[in-house]
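The form predicted alone is given below as one chain in structure tokens.
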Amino acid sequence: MSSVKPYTYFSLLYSHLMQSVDYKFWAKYLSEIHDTLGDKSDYALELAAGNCFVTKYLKSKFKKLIVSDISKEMLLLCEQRIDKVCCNMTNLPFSYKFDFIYSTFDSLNYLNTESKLSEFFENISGNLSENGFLTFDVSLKKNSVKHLKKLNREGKFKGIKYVQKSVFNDETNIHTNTLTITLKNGKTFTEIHNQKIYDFYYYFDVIHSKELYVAECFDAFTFNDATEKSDRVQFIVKRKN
């Protein structure tokens, strides 16, 4: 592995750190959402698919599924035989429209400026079919504070030593995760991820400003109405027709 580039080590490590996630459970929830609004004739797009661990449980739900991620290295780790596209979710390269677009693991929080979030929804409105819908989850402030302790950790994986530091800035509402890895040869690399924890009501404002509307908003993994006091929220968004 000595010739492997640092970002590949990070990709492998992120997959390892996410092992505690119940991907099958998450996929089942998305499947239930889709069952209420779509059918097997749908063309679907997964945003920020990462290692595609959710994908394998969902790909049979649609006539066609394309997965996308900004990281080529993460997509290369995906073992699913499925169409993959490396792209930025704020500038999707597709000329046709999708019936079902979904994103998981608070990926939209990585759009950490209002302009990026606005650009995303502007782009999405042009990629949804007339009756298509977008569903995504976001992390709210309560979730960041709740998980800070367990996100400050260190360990070793395949000879790679790692230290993760997690900090939430209450003034800027930026949640920063800093991951430092040390290879067997002693070389050290650091990657920093900044997520913006937007106000619950801000999502409604920006969505409604982009020829879209919020059809449903649930407490994540349930079908109960979400509130500003929720940890994680699941949005279902449609086009204004």
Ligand SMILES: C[S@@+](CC[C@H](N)C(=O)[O-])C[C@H]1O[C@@H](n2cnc3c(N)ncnc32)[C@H](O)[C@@H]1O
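One-based numbering along the sequence shown. These figures come from a predicted structure and were not determined experimentally.
Just so you know, the form predicted in complex with the named molecule exists too; it's not on screen, but the next bit is about it.
Within 4.5 Å of the named molecule in the predicted complex, a heavy atom is found for every one of 48, 71 and 87. Scanning 110, 94, 168, 162 against the named molecule in the predicted complex with a 4.5 Å heavy atom cut-off leaves one residue, 110. Figure note: of the listed segments 125 to 133, 110 to 118, 76 to 84, 153 to 161, the one touching the named molecule in the predicted complex, with heavy atoms no more than 4.5 Å away, is 110 to 118. At a distance threshold of 4.5 angstroms between non-hydrogen atoms, residue 139 is out of contact with the named molecule in the predicted complex. Mapping the unseen interface onto this chain, residue 144 falls outside it, with no heavy atom inside 4.5 Å of the named molecule in the predicted complex. In the predicted complex, the named molecule stays beyond 4.5 Å of every heavy atom belonging to residue 221. Looking at 93 to 108, the residues that come within 4.5 Å of the named molecule in the predicted complex, counting any heavy atom, are 104, 105, 107.
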